[in-house]
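The chain below stands alone and is given as structure tokens, in the form predicted alone.
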């Protein structure tokens, strides 16, 4: 099967046995790779009774279909498990180099089963996997862990996916980290890895990929590379990185501030991508094969925390660890906060939002110094924010409460459920649905819970159209968003599974050409878009299998309160209109939220329809 090695590495951690399992070729053909293929394998292995932190919950890591090839910006790899934060389907994807290295090391994916009795790490090199002792690594941060493993392997090009002490301590939104600040960052997959006492997976591969026609592939990859290099979005992202969105967020009211209760802070420009580029940038880094090079390398010699060379924080982190808590930060402080989270290895979105909720509760008088262990969580208190994030990583004191996430925090303090800004238990990212109404629909319907990367809503209505999909900027406050959200969700399910970065504007014809040259398929645009819908509907079915219903497709009450000042101008998304229209397009049952039997069978998933009793 060209494009695949035909084998999955399975680690039975309870026995310490590593073995190869033949790739399910139908699953691979239907769900491609990364989060799509991982979700299909996960579907067979979990149910509502599965304990997310028990040995029965697998952690599945998969490279994207095109990882490791010379295609441009095809570095994205992903994972899936039952989430310890939400209790249902969880997935995440990341860039950097790990996915490509895993593919070049001879595997189509890794499944971790059971639990080890002692800390271990897995070393994969050119088709051979070894289980190694990690007792000396346990307790190390994610940076020192990578350094130690590379030294032990005697190869600096070894790529490592690892956890920090946050996941060792079972923080439910713990990350899996790789390189310098790249993270498999949501839904707590690192926490699952920590529950299995797997500190890291290290890969080194120099194997020639199983490609159907390498010459044809290189020809199409060169054309695609040229398109990506010349695209306006690529140039914008290279110059400013994701944090360049801060300026737009201020204009549009898109950056949540003081826990979603205030207009986006204008002071955030001091830590924006533009400011990074103008005052602190010394270079760029890139994910595997990416010409965009959007990651910024900074030199900071002013402020409390000095850095000779450090990667700058992304947009989500800048807002979550800044405006969310009302913090007026300088570049030194935001970099320090970001590095704190990266070292401990926990999600800056859920971590920042949960900390922001703690500040909100303190401001409301719901909690006091007695509850916080003396932390004065007044809006803008940078020292208190640093101390709180440190406690989250250690899962100590008041930090252990905030580490549980906003939904559990609201329950603990007897607050209304709609006060915790999350959907399906996952904190809403830093794109406010009152600024872009399409994002409200995307958050409410995303299978894993609130997810800004499962739709292009904020990008499209922010001015970045998608001509291949017929998506162009529209009234950001309009309520005719169902078709756009549905189409872009299918497309993002597809690109995630292929491994394509969201910022790479590769013409659809070249995506098709590269896949056909890489595999032995004869696919086309329609078949690939159908594959994207198949992945999304499968993930939805899996969520339903694990207990999600239509009652969970809602936005929290707090984020539906209008903010009159700033870029939102008092607008809120009309969910009563958009959601039924979306359900009709998806063919989901209005009571159960399940995809219909007819739709699932039309996508070739009769067994999935039967397993959830779809009607």
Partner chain sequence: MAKVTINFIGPWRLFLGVGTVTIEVNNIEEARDYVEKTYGPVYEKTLKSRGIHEKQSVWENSNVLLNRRDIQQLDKPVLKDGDNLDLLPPIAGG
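Keep in mind that this is a model prediction, so the values were computed, not measured. Numbering follows the first chain given and starts at 1.
The form predicted together with its partner chain exists for this protein as well; it is not shown, and the discussion that follows is about that form.
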Since exactly one of 275, 197, 519, 372 fits, which has a heavy atom within 4.5 Å of its partner chain in the predicted complex? 275
Assert contact residue (its partner chain, in the predicted complex, non-hydrogen atom within 4.5 Å, options 225, 134, 464, 111) equals 464
Per contact check vs its partner chain in the predicted complex (non-hydrogen atom within 4.5 angstroms), the hit among 242 to 250, 210 to 218, 182 to 190, 412 to 420 is 242 to 250
In the predicted complex, is there a heavy atom of its partner chain that lies within 4.5 Å of any heavy atom of residue 459, even though the partner is absent here? yes
Proximity of residue 233 to its partner chain in the predicted complex, heavy atoms at 4.5 Å: yes
Non-hydrogen atom contact residue 448 with its partner chain in the predicted complex at 4.5 angstroms: no
With the partner left out here, check for me: in the predicted complex, does some heavy atom of residue 452 sit within 4.5 Å of its partner chain? yes
Contacts with its partner chain in the predicted complex - residues in 551 to 573 whose heavy atoms fall within 4.5 Å: 566, 567, 569
